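In structure tokens, one chain follows: the form predicted on its own.
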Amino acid sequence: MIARFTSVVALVAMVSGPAPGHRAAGGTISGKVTYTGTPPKARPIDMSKEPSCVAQHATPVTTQDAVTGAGNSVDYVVVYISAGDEGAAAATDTVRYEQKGCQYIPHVAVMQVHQPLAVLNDDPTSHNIHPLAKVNAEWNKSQPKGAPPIHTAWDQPEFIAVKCNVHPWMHGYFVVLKTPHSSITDSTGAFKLEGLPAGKYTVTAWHERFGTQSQEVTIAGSETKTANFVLTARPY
């Protein structure tokens, strides 16, 4: 498994809901995402062309597009309300997307439509961030060492692959949603959606390699419902 950085923890806390002890009013949907089948093996990433990035990693870095764990858990799955809470106002907190050690941190960043996004370069080398948007406007910007953050926002919901044209091993995702209710699974595959008013919801789990799965959940009052997902993994 790949070590997490502090910024990842902060972002996951932001998109997953309030900290323990400060539970939002309303209902909760929680569960786990696991897989069936054979997931691809994590491959080592050759960063030798960028020694300054190699020096930042005590152990070799591996790919993050299919990170799995004990009990067939799946990491980096975005679980969100895809229907049932339309019309929510955009969050005003700024989502941080960092380039550090020639990696995108976090690998998957979740944000709402029109929510501020700041892309930072923490490396002693230049990067070129290229979100491959199809619904939103595509752009491609260079960010040299010490350059100020790139500030932007997205106008439409979309799952946007991100790459660096300078370092071809750098891959990540911007997940742009209408809903404020979303979560990214951790290393145990767990997620939690809190603060849901009473109603019927469609809960969707999305993974960049293992696909998408949805189910209906009805919340009454402040109850907690369980929604588990089993995605199909393929080796290639």
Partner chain sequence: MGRLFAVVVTAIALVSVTLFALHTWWLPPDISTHGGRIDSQLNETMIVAGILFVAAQLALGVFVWRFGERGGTRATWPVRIFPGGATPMVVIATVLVGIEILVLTLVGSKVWASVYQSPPPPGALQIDVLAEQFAFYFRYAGADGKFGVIHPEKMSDADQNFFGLDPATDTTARDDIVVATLVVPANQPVALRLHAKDVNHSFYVREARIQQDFVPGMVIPLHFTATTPGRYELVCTQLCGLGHYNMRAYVEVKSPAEFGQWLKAQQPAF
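Residue numbers count along the first chain shown, from 1. A quick note: this is a predicted structure, and the numbers were derived from the prediction, not measured.
The form predicted together with its partner chain exists for this protein as well; it is not shown, and the discussion that follows is about that form.
Although the partner is absent from the chain shown here, none of Gly69, Lys192 and Asn228 has a heavy atom within 4.5 Å of its partner chain in the predicted complex. Only one listed stretch (89-97, 159-167, 70-78, 114-122) carries heavy atoms within 4.5 Å of its partner chain in the predicted complex, and that stretch is 159-167. Only one of Thr63, Thr188, Thr202, Gln56 lies close to its partner chain in the predicted complex, with a heavy atom inside 4.5 Å, and it is Thr63. Interface residue among Pro197, Gly37, Pro51, Gly211, judged by heavy atoms within 4.5 Å of its partner chain in the predicted complex: Pro51. A residue is said to contact a partner when one of its heavy atoms sits within 4.5 Å of a partner heavy atom; Ile45 meets this definition for its partner chain in the predicted complex. Remark: Lys178 does not count among the residues lining its partner chain in the predicted complex, judged by a heavy atom distance of 4.5 Å or less. At the 4.5 Å threshold, heavy atoms of Ser142 reach its partner chain in the predicted complex. The closest non-hydrogen atom of Ser126 lies within 4.5 Å of its partner chain in the predicted complex.
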